[in-house]
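As a starting point, one isolated chain is supplied in C-alpha cells, in the form predicted alone.
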Amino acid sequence: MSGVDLASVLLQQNGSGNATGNATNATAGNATNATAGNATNATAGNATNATAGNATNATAAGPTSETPLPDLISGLLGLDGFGIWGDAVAALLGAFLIANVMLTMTAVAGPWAKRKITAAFTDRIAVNRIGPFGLLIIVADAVRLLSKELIVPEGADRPAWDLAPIILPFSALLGFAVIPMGSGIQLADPETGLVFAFAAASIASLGLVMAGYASNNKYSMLGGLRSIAQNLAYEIPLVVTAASVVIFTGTLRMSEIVAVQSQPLIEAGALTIPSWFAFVNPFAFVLFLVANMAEIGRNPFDIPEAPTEIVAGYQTEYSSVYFVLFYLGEFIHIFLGGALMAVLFLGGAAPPVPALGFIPGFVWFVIKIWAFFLFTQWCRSAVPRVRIDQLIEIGWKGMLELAFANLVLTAIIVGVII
C-alpha cells in the first residue's frame, strides 16, 4: 500500500473530518503533513520530525507562501475586475517597486558604502565632506558621471557596443523576479524559479563578451574572453552545488526551498539552530560561496577587469552613462548573488532565531544580502587576485570535482540514509 493510501485509511479510521482532500505525502527523505486549514496534523500522535539534515513541513496542496506582490497590489488598487490587463498593470507596478528598491541599495553600495568599507579596512577616512556622513556623494557622483561626454571608440560595433551596458543590469534585475524577499515581496513564484534565476544571471556573460569585442580594443577583447572563460569554469560548479539543495528539498520553487529551512534542526534548551542548508551541508555552502564570488567577479576572481593587467578589461572604452550602467550592473549582480545565497542556504527572509521573528522578514533578507556585500568588499581589500591560469585551474580541476562529489554524497545521504 502506498504512503498516500495508508494516510487516507488512517484519516478515515481516526475520524479526521477536517482534512478536505489533502493527504500526507512522502517525499524523498522528508515527512510532510498537510491539513485543509494549512495546519500541521500529527499522525499517530507524532508531529512531523526533522530528519538528519532535512526538516520539511510543506503542505500537500501546494507551497505555503505569502500572497505574491502583484496579487497584493491588484487587491489594494481594485484591479481584480480588469482581467488580464489588471494583472499586467499589477505585475508592472510590482516589478517597478522591486527594481527601485534594488537600484536604491545599489546607489548606496557603489559610491558610498564601498568607499567607506574599503577605507575602514585600509585605515583611511573616505568620503565625509558632502552631506551627513558623506551620503551626498551619491548625488555628486551621479551628476559627475552622467554629465561626462560619451566617447565612442573609432571602429566600434555600435549596435553591440550600445547594447552591452544595458544587458548587464537588466539580467540582474530580471533574476530578482523570482526571489522571495519576505513580507510578501515576491514578483513571481514559478515551479522552476531556481532555474530562471540562474538563467537570468547568466545573460550577463553575453553583455561582457559583447562589450569586449565591440569596443575595438585589445584590452577590452582580453577582458571579454576572460569573462566567458571564468563564467564557464565556475557557473557549472555553481549550478551543480545548487542542485544538491534541490535534492534535499525536492523542488525548484524558491518559496518551497525557503519553507523547507523554516523548521528547527537542533533544539537544546533555549538554543535553537534552524535547518538552514548552511548548517545542514556547510561543504556545499562554501562551494557555492566561492563559485558565487567568481560569478560576480569579486576578488580574488576579478580577472575580467583586472586594473593592473588590462586597464579596465571589457569596460575600458566606456564612459559617461554607459560606464554608470556597467557599474550599476556589477553591484546589482553582487546583491543577486547574496539573494541566492540567502534563499538557498540562509533560510531566505527567516530570522536566525524564533525570538527575533517580530522583525519583518524583508528586513532580515536585506541584512543577509548586505552581509554578503560586506564579505565581497572584505575580499576585495584583503584577498590578492589570482592569475588567469590559476583561476581556470581552480575552476576546472578543483571546484568542478568537489561540486560533483558533493552532489553524489548528497544523493546518497537522501536516497539511502534518510
Partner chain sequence: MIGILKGMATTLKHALDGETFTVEYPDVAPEVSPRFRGVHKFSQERCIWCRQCENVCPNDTIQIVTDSSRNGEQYNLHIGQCIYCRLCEEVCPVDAILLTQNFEFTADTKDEFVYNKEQLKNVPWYKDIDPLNSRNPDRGAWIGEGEGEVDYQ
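None of the values given here were measured: they were computed from a predicted structure. Residue numbers count along the first chain shown, from 1.
Omitted here: the form predicted together with its partner chain. The next part is about that form.
In plain terms, the part of the chain that comes close to its partner chain in the model of the complex, with a heavy atom within 4.5 Å, is 113-121 out of 192-200, 90-98, 250-258, 113-121. Contact annotation: W370 falls outside 4.5 Å of its partner chain in the model of the complex, judged by heavy atom distances. Although the partner is absent here, N128 lies within 4.5 Å of its partner chain in the model of the complex, judged by heavy atoms. At the 4.5 Å threshold, heavy atoms of L356 stay clear of its partner chain in the model of the complex, well away from it. Contact annotation: C379 falls within 4.5 Å of its partner chain in the model of the complex, judged by heavy atom distances. For the stretch 204-223, the set of residues having any non-hydrogen atom within 4.5 angstroms of its partner chain in the model of the complex is empty.
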